[in-house]
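Presented below, as structure tokens, is a lone chain in the form predicted on its own.
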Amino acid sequence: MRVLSGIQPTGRFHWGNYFGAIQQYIALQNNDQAFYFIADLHALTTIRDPEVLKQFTWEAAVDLLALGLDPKQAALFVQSDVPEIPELTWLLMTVTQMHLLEKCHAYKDKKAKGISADAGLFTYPVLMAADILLYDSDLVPVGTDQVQHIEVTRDLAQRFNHLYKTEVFVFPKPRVLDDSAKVPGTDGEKMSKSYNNTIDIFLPEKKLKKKINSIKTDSKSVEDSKDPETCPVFALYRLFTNEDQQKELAEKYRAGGMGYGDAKKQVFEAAMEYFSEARQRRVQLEADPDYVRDVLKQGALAAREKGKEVLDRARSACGIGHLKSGS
């Protein structure tokens, strides 16, 4: 079983990224083969500063390795280092029907809000389909909001195979990520960069403590009984602790006599312990950038080797490239 997934380098990874996706990507890396990529081509639809994109791409690579992605188990690479991707995107574009893209969420949402959508956003699902199909991917871990893109990918694969009367592409299946671990941001809403309410994984200790202390809570006094089930601080504490620890803190909430500041302190301590090994690995990786570059280079080579195999099938089906090879 071949697993494929990508993540955009649109900022430093936060707790929502980790518990909502990255943790589960890493758990799936022990398959026959796995490809994980940093989607810098996709990020071009939102990031227009080249230096920012370069920095975010680098930080994403270091963060993923620090968090436990093992290059011996999975190929980690930067999307733009695989030129087979844009070529396959064009081949797929020639069989993509407009109405299919017009139904996609990102385009529809922008259009509904009166925001102009460029061709990059409109054709985004085709690039995503190329990302998936290029490696004969069997399983693609995605959030519930991305399942539609897998459906589009399957539609394009089926249409291409039908039009050219050959089985070029494998049909991928989505692995819907477990989103039971709801990750609230500092304002109590879903943690998201677009809400500016994130808590970055690798914040320095002082900044992390300050960020956690900024979490909004209700106005109940220290003496008042509090409901742990409605408190974002307690929801975050759950991410890092076992049932016994959660039960103990919940009892303190309900008993009264404990302020939210104490609960935030426990979240800080639990988070620091949880990510302690990852923090240590990140320091080591920052001191050895050549290692990170080599991981990305080797990952891209592995991706290109498999990608060329699939692209050659697609090119042959379309009838292009034969004269160059003399056949």
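Don't overthink the numbering: it's just position in the shown sequence, from 1. All figures in this text were calculated on a predicted structure; none of them were measured in a lab.
This next part talks about the form predicted in complex with the RNA, which is not shown.
- In the predicted bound form, the RNA lies within 4.5 Å of some heavy atom of S214.
- Contact check for S194: no non-hydrogen atom falls within 4.5 Å of the RNA in the predicted bound form.
- With a 4.5 Å cutoff on heavy atoms, K103 does not count as touching the RNA in the predicted bound form; it lies far away.
- K264 belongs to the set of residues with a heavy atom inside 4.5 Å of the RNA in the predicted bound form.
- Checking D227, E205, D218, D109 for any heavy atom within 4.5 Å of the RNA in the predicted bound form turns up a single hit: D218.
- For the residues F56, F275, Y260, Y36, the 4.5 Å heavy atom test against the RNA in the predicted bound form is passed only by Y260.
- In summary, the region of this chain contacting the RNA in the predicted bound form, judged by heavy atoms within 4.5 Å and restricted to 124-132, 219-227, 140-148, 78-86, corresponds to 219-227.
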